[in-house]
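Single chain ahead, written as structure tokens, the form predicted on its own.
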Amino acid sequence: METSQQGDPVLRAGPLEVRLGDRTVLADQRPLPLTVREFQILAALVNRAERVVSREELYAAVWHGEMRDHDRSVDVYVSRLRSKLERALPHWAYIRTHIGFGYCFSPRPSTGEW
């Protein structure tokens, strides 16, 4: 992870740039509009890159509480975030689903295999 001129953390993954300090995301150097929750989920995943993160851990990081049984909030927001990333950067895949375990931020050029 790099740092900006202001010393804030910046992640670059292919054409995606996540500026954690100023809460902005750039796709091919263009702003990618995300909701607060979408950004929080992306930041939580980026901070745990290449690691499978459980739905419960994501919920605690974003909503600051314990996830209730049958709550699908994390899945809904990850789906929306993934759709926005895929529309903005169609030749890249960023979030991998590990069924029954959680999600992993693992940027790769898209091969259609995920």
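Worth saying up front: this structure is predicted, and the values here are computed from it rather than measured. Start at 1 with the first residue shown and count on from there.
One more form of this protein, predicted in complex with a further copy of the same chain, exists but is not displayed; see below.
Taking the partner from elsewhere, G100 is found to have a heavy atom lying within 4.5 Å of a further copy of the same chain in the model of the complex. The shortest heavy atom separation between A60 and a further copy of the same chain in the model of the complex exceeds 4.5 Å. Remark: V52 counts among the residues lining a further copy of the same chain in the model of the complex, judged by a heavy atom distance of 4.5 Å or less.
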